[in-house]
Ligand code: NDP
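One chain comes next, on its own, written as C-alpha cells: the form predicted alone.
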Amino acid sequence: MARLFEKTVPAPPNEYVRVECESLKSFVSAVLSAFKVSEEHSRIVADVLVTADLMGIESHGVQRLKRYTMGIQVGSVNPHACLKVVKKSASTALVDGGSGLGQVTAYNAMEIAIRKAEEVGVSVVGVRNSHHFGIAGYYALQAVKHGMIGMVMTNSEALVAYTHTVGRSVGTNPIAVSFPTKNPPPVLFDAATSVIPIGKVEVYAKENKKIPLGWAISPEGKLLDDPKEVLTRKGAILPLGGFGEDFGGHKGAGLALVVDLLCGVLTGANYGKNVKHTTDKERANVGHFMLAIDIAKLTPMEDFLERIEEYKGYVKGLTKASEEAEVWIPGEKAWLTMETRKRIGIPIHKNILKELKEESEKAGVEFNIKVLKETA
C-alpha cells in the first residue's frame, strides 16, 4: 500500500472539507447530464476532473465545472457533438471535435491513436474544433494502459505574454509525456509551458489569496500579485522561465509556439489570440495533438521495463542537495497523492464547494457530495 502523501497541503486547513471521490464524480456526471450531455460523455468529463483533484492538480479539477456548464449555456460547447474523422492513413488521423466537450474529444482521439499504433507502431492524431480538455496527462496515461508511450499537447486561449512583449498572445499550451513502468507509478511529465496554468490563478482568487510576484504581468509590464487583475483579462501570465531571457523565459515561449504550430497551424484549429475561451459565444476551436508509440515494435517490452526501473534507480540515487530533500520521478507525487486521496478523501475549499452547490441548484440536481470531515 502506498504511503500517505499529498502533493499540496491546504492552509489554513479549516477552510477545506474532505469529500469522497466517487460521490464527487457521480455529482459532476449528474450535473452534466442535466445539461443534456450523454451519460457516457458525462462520465468521461467527470473522471478527468476528479482525477485532476485526486492528483493534487486543483487548478484543473471540479472547480472548472462551471466553465463547462456555462459553455453549454452560451452555445459555444455542443453537448451532442460527435467526433468526425476528416482524414486518415494507416498511422495518422485528423479529427474534428464538432465543438464538443474537450475531454470527450481528446479521450476518443487518443483511443484512435492507440488503435493505429497497435497496427503500425507509431501513430499521430491531430484534433481541431475542440475545447479545453483538462489535464493533458490523463490522455497520455491512456497509452500507458496499452504498453505504449503517450504524448499529448493542446493549445489554449491566449493567456501568456510572449518573451519581450506585454499582453496575452499565446496559450499556456501544456505538454504531457507518459511511459509505462514495471512498478507503479508510471512516469508522467505533464506541465504547462507557462509559469503556472490559469486555473491556479482561479484557485487563488477563490481562496482570496495573492499570487506570488513573478507569475503574471500587467499591460504595462508590471509584476502582479492580485489574481483578479489577471482573471479580468488585464494581466498576462509569464512563460515558463519567467520574465525576459535571464532564467529561460524565451524557452517557455518557444515551447508554447511549438505546441501552437502542432495543435493549431497543423490541424486547422485556431492559434494564438484566435483561440476562444469556453464561455465565449464564439466556438473556441482548440487544437490537440496526440502521439502513441508501441514500445514492443521497437524493443522487447520486458527489456524496456527493466531499463526504466534502472533509470528510476539512477535518478533516485543522485546526490541530494540536502538531507531533507527528496528526489522525485515525474508523476510520482501526483500518483502518491491520488492513492492517498482515494483513501482519505479530496480536500475541497469551502468556496469551491459553495460554487458546486450553486451548480447543483441551477441544474436541478441533488447536492449529494459525501463529506468525510470538515478539515483537510
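Start at 1 and count along the sequence shown; that's the residue number. Computed from a predicted structure; not experimentally measured.
Although not depicted, the form predicted in complex with the named molecule is the subject of the following passage.
Undergrad: Please run the contact check for residue 190 against the named molecule in the model of the complex: heavy atoms, 4.5 angstroms, yes or no?
TA: Yes, residue 190 lies within 4.5 Å of the named molecule in the model of the complex.
Undergrad: Going by a heavy atom distance of 4.5 Å, is residue 277 a contact of the named molecule in the model of the complex?
TA: Because no heavy atom of residue 277 falls inside 4.5 Å of the named molecule in the model of the complex, the answer is no.
Undergrad: Hey, in the model of the complex, is residue 341 touching the named molecule, heavy atoms inside 4.5 Å?
TA: The answer is no: residue 341 has no heavy atom within 4.5 Å of the named molecule.
Undergrad: Give a yes or no for residue 172: in the model of the complex, does one of its heavy atoms lie within 4.5 Å of a heavy atom belonging to the named molecule?
TA: Taking the distances in the model of the complex, the answer for residue 172 is yes, it comes within 4.5 Å of the named molecule.
Undergrad: Could you work out which of 31, 37, 57, 50 is the residue within 4.5 angstroms of the named molecule in the model of the complex, going by heavy atoms?
TA: Exactly one residue meets the criterion: 57.
Undergrad: Within 4.5 Å of the named molecule in the model of the complex, heavy atoms considered, which of 200, 128, 206, 283?
TA: In short, 200.
Undergrad: To test your reading of this chain, name the stretch in 74 to 82, 213 to 221, 257 to 265, 152 to 160 whose heavy atoms come within 4.5 Å of the named molecule in the model of the complex.
TA: After filtering at 4.5 Å, what remains is 152 to 160.
Undergrad: Does any residue in 330 to 361 get within 4.5 Å of the named molecule in the model of the complex, counting heavy atoms only, and if so which ones?
TA: The stretch 330 to 361, when checked against the named molecule in the model of the complex, contributes 330, 331, 332, 333, 334 at the 4.5 Å heavy-atom cut-off.
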